[in-house]
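Have a look below at one chain only, the form predicted alone, in structure tokens format.
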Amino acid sequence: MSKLNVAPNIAKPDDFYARLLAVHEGRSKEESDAINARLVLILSNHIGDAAVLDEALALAADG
């Protein structure tokens, strides 16, 4: 069983953040929400480990 990695792990995080914002540019709130929901589901499928996903859900719920 894996553990959720919360340490910085994205090469060039500012560049990734800029790409993430660009995906939402010009979209309505509903379209952006749908993109975010699809992204969460795609990445959750990639992770695939229920325990890691449960950790992530708990962390996100705590803010």
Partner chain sequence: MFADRYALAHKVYPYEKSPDQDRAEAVRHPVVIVGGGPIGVATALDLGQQGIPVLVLDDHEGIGTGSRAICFAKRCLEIADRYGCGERMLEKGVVWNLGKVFHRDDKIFEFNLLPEEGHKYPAFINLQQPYVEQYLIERLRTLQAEGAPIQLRGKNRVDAVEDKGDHVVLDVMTPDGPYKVEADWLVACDGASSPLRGMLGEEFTGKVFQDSFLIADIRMKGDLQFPTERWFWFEPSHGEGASTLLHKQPDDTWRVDFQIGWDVDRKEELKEENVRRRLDAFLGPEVEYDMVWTSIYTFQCKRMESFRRGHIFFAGDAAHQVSPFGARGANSGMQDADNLGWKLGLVIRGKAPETLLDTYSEERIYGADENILNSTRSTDFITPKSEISKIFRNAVLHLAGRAEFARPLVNSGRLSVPCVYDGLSLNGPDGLPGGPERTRVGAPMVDAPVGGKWLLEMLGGSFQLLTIDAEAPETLDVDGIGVTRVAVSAAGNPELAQRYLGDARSAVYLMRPDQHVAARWESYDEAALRSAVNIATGRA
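Numbering follows the first chain given and starts at 1. Keep in mind that this is a model prediction, so the values were computed, not measured.
Quick note: we don't show the form predicted in complex with the partner chain, though the next part is all about it.
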Study note, to complete from the structure: Note: exactly one of Ile42, Leu21, Ile10, Ala50 sits with a heavy atom within 4.5 Å of the partner chain in the model of the complex, namely Ile42
Check your understanding: So in the model of the complex, does any heavy atom of Arg38 sit within 4.5 Å of the partner chain?
Key -> yes
Study note, to complete from the structure: Within 16 to 36, the residues having any heavy atom within 4.5 Å of the partner chain in the model of the complex are Asp33, Ala34
